[in-house]
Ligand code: SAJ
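Form predicted alone, single chain, as structure tokens, below.
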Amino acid sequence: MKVCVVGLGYIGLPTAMMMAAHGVEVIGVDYNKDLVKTLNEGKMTFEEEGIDNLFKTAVNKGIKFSTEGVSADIYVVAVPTPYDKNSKKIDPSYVVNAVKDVMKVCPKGAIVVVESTISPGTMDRYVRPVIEENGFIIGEDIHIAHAPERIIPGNMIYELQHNSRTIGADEPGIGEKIKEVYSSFCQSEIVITDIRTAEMTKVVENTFRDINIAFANELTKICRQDNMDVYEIIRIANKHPRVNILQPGPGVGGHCISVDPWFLVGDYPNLALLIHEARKINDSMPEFVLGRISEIMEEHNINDASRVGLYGLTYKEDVDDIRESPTLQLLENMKRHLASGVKIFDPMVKNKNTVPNMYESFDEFLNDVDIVVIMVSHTHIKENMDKLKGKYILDTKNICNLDNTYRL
């Protein structure tokens, strides 16, 4: 069984390597020539615990990387699925183009598995029509399925092996063939269902998390207005056996929780009312953080935004993924307020030209700021907390107990 994984980003590449490491014949395809060149030179394209060892194992087992499509039995499409920020609907163009490219090289009877997170009905509205328009008969010439990814940066390898999976297929027999491949590395339950259910299940999972984060963030705003300690309130409330309130934060980033709920808002604008409100609350948090920074600056007569330092550019701790990060959202908000000069430091982001005023050295960063805003709780900051002494600290992650620490 030969598998071609199309799209070698944060999801496609680890999935391809995991399959190869467990004996599946795999070729990874991406149209980014520089990315493929890097992989063929034996270098990984992002950092992740254990990923280098997995890469070496996959290469030793024969994984190949190419910019050209190839003939295969199964194609796994793992390309981005952004949303239109006006309509809130999914932009299916990456998926559609990937499927079009697969049709140019696939043999009769090939299976096309879309791993990309998509809104319910995407396969029916976009994938099926483009296949049929190109003269293929679905169920004979090409079989289609949806097997949404379920991993998170920072814990990819463990979750690939231990998280349960869902496979949506038109025919149970096709689902079983796909299950056989995923079972090569997945040690948890693999559920076979229909395509629409698989589409909806993935979006619902991330929407559930978004709504619960929004509750914690809204509590933060309420408690801030009346000078109550939201962290103490949550700690006590969570002692109830049926209460589990999450921790508030500076916003929601990444390509899952911050994006997927919008698919439902876009497709069901008159029904997804709670979901829409949760999205608005979470998207408002960077602006809320900016307000707290302004309050601290005013309290201490700091009038220059260049004396403010943001620690953390990634969307979560101990990863190098900056997609949709709250810090990027905050910087965009600052531009709208015509504020500039704020300093940035993130030990996980190697390209220091990602944003302006990003520092190589943590010590130099601290030397140039009076206010440190902890946006991400990297292990690095936890291990270097003493260096923040003497600074005014806005701790959005509730990890600092030094004097002059402010919280959301």
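Residue numbers here begin at 1 and follow the sequence given. All values derive from a computational prediction rather than experimental measurement.
Just so it is clear, the following notes concern the form predicted together with this ligand, a form of the same protein that is not shown.
- By the 4.5 Å heavy atom rule, the three marked residues Leu8, Arg128 and Glu199 all fail to count as contacting this ligand in the predicted bound form.
- Stretch 208-216 is the answer when you ask which of 188-196, 94-102, 227-235, 208-216 has residues with heavy atoms within 4.5 Å of this ligand in the predicted bound form.
- Only one of the listed residues (Tyr311, Tyr315, Trp262, Tyr75) places a non-hydrogen atom within 4.5 angstroms of this ligand in the predicted bound form, and that residue is Tyr315.
- A heavy atom within 4.5 Å of this ligand in the predicted bound form is found for one listed residue only; from Leu328, Leu290, Ile151, Ile144, this is Ile151.
- Using a 4.5 angstroms limit between non-hydrogen atoms, Gly168 is distant from this ligand in the predicted bound form.
- In the predicted bound form, this ligand stays beyond 4.5 Å of every heavy atom belonging to Ile281.
- Within this chain, Gln161 is remote from the site of this ligand in the predicted bound form, having no heavy atom within 4.5 Å.
- In the predicted bound form, this ligand sits within 4.5 Å of a heavy atom of Gln247.
- Shown without its partner, the chain has Gly249, Gly251, Val252, Gly253, Cys256, Ile257, Asp260 in segment 249-271 as residues with a non-hydrogen atom within 4.5 angstroms of this ligand in the predicted bound form.
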